[in-house]
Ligand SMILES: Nc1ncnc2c1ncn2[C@@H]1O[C@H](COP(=O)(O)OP(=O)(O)OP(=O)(O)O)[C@@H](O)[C@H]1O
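One chain comes next, on its own, written as structure tokens: the form predicted on its own.
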């Protein structure tokens, strides 16, 4: 073993400290150093991809990916490099395919029918699918449409039909909609036709898709983010939207208030999530569970029992931060070394990856 780990980051973005890298990456390096390992941060760029690949192969046993997808214009080259590294023996934390499977919005739809995702959830990959099904879904209840890309609530829309009582089994194209974006809780109006045409931008490109879910009124009580280290819950963040008329966003940028809890404060949810991990892993492709990932839940009410239930809103695995509890770097370092010890093997050399 080389006893070295590379942490990949991307330049730019609002998640960086004064020196240009993430505030919670340096603690991982320090914790690995305590255990006799070295680590470093490398900023990925397409133009340096070949050089970064060769350097990582020569120097490292593993990489930790901490690149926010929104900070790369196109992720294709980055994921290609990660796949080459994993294929040729570098431990991927996480594996690039796992990052895609867990981080894509359609991960929620792939879990529908389980205890944490209702059946009334759909994914649209093209305009025809959106046009055929979305008006029918909108006739049932208020909806939330989520684009696959973006962050901080951009492209996440609560969609309500104005004068809903006028319509029955489907909503006509000229029906007027009230639209609220999670980015900043601003509202606007469009016809259904205009809004669906506006959403074409979210369907374009290799990773274009839209997740369609029912809006849950109890989001006003707060969204509960579960922070996972592999298959264990390590922290809980309660994110309550701003107390204004149309607010439903749980992002800091929109004015939501965050409270940081220990897992012991949410025993029912923690037990549920940890029991669901094998099902989540199986449904999302049977990849190794990401090193650090999160699952966001919203409270709902079971119509039969009238008891609380938790509904999964999304999973994040590409670039999960823990800057509010940096002591987790110790647990992360322990987990990294345990994984590497379990996966240790002798690998043959190969030709360098080129662009």
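Numbering follows the first chain given and starts at 1. Keep in mind the model is a prediction, meaning the values are calculated, not measured.
Although not depicted, the form predicted in complex with the named molecule is the subject of the following passage.
In the predicted complex, the named molecule sits beyond 4.5 Å of every heavy atom of residue 91.
The shortest heavy atom separation between residue 314 and the named molecule in the predicted complex is within 4.5 Å.
In the predicted complex, residue 135 stays away from the named molecule, with no heavy atom inside 4.5 Å.
Interface residue remark: residue 223 is counted as part of the site for the named molecule in the predicted complex, having a heavy atom within 4.5 Å. A heavy atom within 4.5 Å of the named molecule in the predicted complex is found for one listed residue only; from 281, 115, 152, 235, this is 152. Interface residue among 60, 52, 298, 28, judged by heavy atoms within 4.5 Å of the named molecule in the predicted complex: 298.
Relative to the named molecule in the predicted complex, residues 5, 43 and 66 are all farther than 4.5 Å at every heavy atom. None of 82-90, 125-133, 166-174, 244-252 except one has non-hydrogen atoms within 4.5 angstroms of the named molecule in the predicted complex; the exception is 244-252. In the predicted complex, not one residue of 44-66 has a heavy atom within 4.5 Å of the named molecule.
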